[in-house]
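Next comes just one chain, in structure tokens: the form predicted alone.
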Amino acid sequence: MSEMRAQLVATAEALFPTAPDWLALADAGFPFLLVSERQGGFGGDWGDAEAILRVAGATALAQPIGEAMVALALPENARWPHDGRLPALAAQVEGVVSADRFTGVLAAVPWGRAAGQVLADCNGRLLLLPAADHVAEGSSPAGEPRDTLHYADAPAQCVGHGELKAMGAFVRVAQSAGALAAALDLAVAHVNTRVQFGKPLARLQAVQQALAVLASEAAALGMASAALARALDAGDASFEIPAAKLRANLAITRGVAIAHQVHGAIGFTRDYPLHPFTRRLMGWRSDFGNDAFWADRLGTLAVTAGGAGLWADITRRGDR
């Protein structure tokens, strides 16, 4: 870990558990992590972003810091003023763009109600939109805002081309790696202190086996997240994005169940800290593309490459 990354992680670990509001995060500069120093940011890379998003996941940070990092990472979009306004990502767009005006609907926008501006992916065109004309508020399984934004003839500035769903998937993979690791830590602490049948739960073979599976899933997810960040820094993550998102979803499905099984009823109680992680994890499985979407993407890549071509591509990517 570089010195700058270590300092960023240490700052995040000190700030995020205090449940900071958006202005506190903006003042600390985290939304501008991927913005170049010349443009007033940190000049960090995707590996730095992945490390910070793991901390966000591990502390159940209830702010869309990852979405803001991605929105501000685009070179043209980095000119957004550093005035604390929250930028949001919209990967699900239905509407029409005509003469730099947009009429339509943006669905499931994280923290859309608080956004000063919205970056929307309209068939590969990245549109910069103002705050919505009308907001229908919704929420994720963890109670985080997932809003529907309605626009009628709003100004729309094209700021480039790309796929926000892929970048959003990176955010969720990294956050999930941190959150599942935190759930594992809680599970290990619980079974070592909870006594059943005259001995700690940790001494029961079935519990040990369950925790071994949970630890394996958390480790696999952590490796997938790190590999995805390295691929983004290398300039091509077309294979790693669907592979990592699918592996994350698999780890979440297996890991959340085990974490709650070893905790028993206490894991579901309001005051116990497990459910803020597990509810977020369950919601993140379908954010920015569900299993079907990314399985189709990964399968298409595999079939197109063919057997020999797929193996050669995987080994080449692993050697970067």
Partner chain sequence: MTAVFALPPAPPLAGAAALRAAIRGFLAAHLPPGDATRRANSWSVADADFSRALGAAGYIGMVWPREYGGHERPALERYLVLEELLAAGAPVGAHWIADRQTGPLLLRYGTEAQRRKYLPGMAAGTLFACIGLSEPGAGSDLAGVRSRAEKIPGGWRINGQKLWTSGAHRAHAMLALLRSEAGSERGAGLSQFLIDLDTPGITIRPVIDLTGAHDFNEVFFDDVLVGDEALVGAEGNGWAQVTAELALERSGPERYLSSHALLVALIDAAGDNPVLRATIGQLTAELWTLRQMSLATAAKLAGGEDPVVEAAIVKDLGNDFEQRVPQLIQAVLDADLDGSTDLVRLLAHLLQVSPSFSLRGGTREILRGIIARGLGLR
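Bear in mind the structure is a predicted one, so any value in this text is a computation, not a measurement. Numbering follows the first chain given and starts at 1.
The same protein also exists as the form predicted together with its partner chain; that form is not shown, yet it is the one meant from here on.
Worksheet item: Would residue 203 count as a contact of its partner chain in the predicted bound form, using a 4.5 angstroms cut-off between non-hydrogen atoms?
Response: Contact check for residue 203: yes, within 4.5 Å of its partner chain in the predicted bound form.
Practice prompt. May I ask you to state whether residue 17 is within 4.5 Å of its partner chain in the predicted bound form, using heavy atom distances?
Written response: No, residue 17 sits far enough from its partner chain in the predicted bound form that none of its heavy atoms falls within 4.5 Å.
Fill in: Exercise: residue 3 in contact with its partner chain in the predicted bound form, heavy atom 4.5 Å
Outside the cut-off, so no.
Worksheet item: How about residue 34: is it within 4.5 Å of its partner chain in the predicted bound form, going by heavy atoms?
Response: Residue 34 lies outside the contact set for its partner chain.
Worksheet item: Would 129, 148 and 265 all count as contacting its partner chain in the predicted bound form, using a 4.5 Å heavy atom cut-off?
Response: No: none of 129, 148 and 265 comes within 4.5 Å of its partner chain in the predicted bound form.
Practice prompt. Only one of 122, 107, 232, 211 comes within 4.5 Å of its partner chain in the predicted bound form by heavy atoms, so just point that one out.
Written response: It is 211 that has a heavy atom within 4.5 Å of the partner.
Worksheet item: Only one of 244, 86, 89, 167 has a non-hydrogen atom within 4.5 angstroms of its partner chain in the predicted bound form; which is it?
Response: Checking each option against its partner chain in the predicted bound form, the one that comes within 4.5 Å is 244.
Item to complete: With its partner chain left out here, work out from 222 to 230, 109 to 117, 130 to 138, 156 to 164 which stretch has heavy atoms within 4.5 Å of it in the predicted bound form.
Response: Of the options, only 222 to 230 has residues within 4.5 Å of the partner.
Worksheet entry | Sequence-ordered residues of 299 to 317 touching its partner chain in the predicted bound form, heavy atom within 4.5 Å | The stretch touches the partner through 299, 300, 302, 303, 306, 307, 308, 310, 311, 312, 314, 315.
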